[in-house]
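Just the one chain here, the form predicted on its own, laid out as structure tokens.
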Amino acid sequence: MTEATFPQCRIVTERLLNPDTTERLLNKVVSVAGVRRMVLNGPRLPLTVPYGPSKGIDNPHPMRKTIRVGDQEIPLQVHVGTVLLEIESRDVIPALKAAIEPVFPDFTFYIQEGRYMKTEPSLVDYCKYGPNADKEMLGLSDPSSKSKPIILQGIK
């Protein structure tokens, strides 16, 4: 069996998304058939202040909320700026664009094609996950993070 290389794209908006917009966007993305993997990128929203004189004090942030995608509750750990997607074929992109256009009526977005996620294990992946790392999970989480990726079941 030959190794398949799946196309990747990213959804880029002109500003960071609030949790309500993120929830609407992700529900539209999950409803499109052909999306294999998804990563949310943006500045981290830590529970406590990580450094400085206030280190360890609670960090109340209005953008750290729990959103509902499909039938799952997901705590947002980043202030979403871009969404990286791995899709089954380039034919999915027009359907994806049509599905998410209603989410952004007030500001612009665009979909870029390219290579944004790792497809082969790196040394860090080998050290963290071992020699039998699941290739489906590569590039989906921060190697230094203690949390695991959240797996959503969308349309197949």
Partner chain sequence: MAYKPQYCAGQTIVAANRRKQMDPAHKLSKLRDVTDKDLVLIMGHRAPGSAYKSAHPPLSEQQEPACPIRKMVTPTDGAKAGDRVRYIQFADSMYNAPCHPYLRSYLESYRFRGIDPGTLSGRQIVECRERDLEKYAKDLVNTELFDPALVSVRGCTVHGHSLRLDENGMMFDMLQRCILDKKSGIVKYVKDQVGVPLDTEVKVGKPMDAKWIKANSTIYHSLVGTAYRDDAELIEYIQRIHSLRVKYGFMPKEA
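Numbering follows the first chain given and starts at 1. Keep in mind that this is a model prediction, so the values were computed, not measured.
Keep in mind that the form predicted together with its partner chain is missing from the display, and what follows is about it.
Checklist entry - in the predicted bound form, which of the stretches 40 to 48, 112 to 120, 25 to 33, 93 to 101 has residues with heavy atoms within 4.5 Å of its partner chain? => result Stretch with heavy atoms near the partner: 40 to 48.
Checklist entry - Looking at the partner-bound form in the predicted bound form, is H61 within 4.5 Å of its partner chain by any heavy atom? => result Flag for H61 set to yes.
Next on the checklist: Using a 4.5 angstroms cut-off on non-hydrogen atoms, would E136 count as touching its partner chain in the predicted bound form?
Outcome noted: Answer no; every heavy atom of E136 is more than 4.5 Å from its partner chain in the predicted bound form.
Item to check | Contact label in the predicted bound form: Y126 to its partner chain, heavy atom within 4.5 Å | outcome: Answer no; every heavy atom of Y126 is more than 4.5 Å from its partner chain in the predicted bound form.
Item to check | Close approach of T66 to its partner chain in the predicted bound form, 4.5 Å, heavy atom | outcome: Close contact is absent here: in the predicted bound form, T66 is far from its partner chain, nothing within 4.5 Å, heavy atoms only.
Item to check | Sequence-ordered list of residues in 8 to 46 near its partner chain in the predicted bound form, where near means a heavy atom within 4.5 Å | outcome: Sequence-ordered list: V12, T13, E14, R15, L16, L17, N18, T21, P43, R44, L45, P46.
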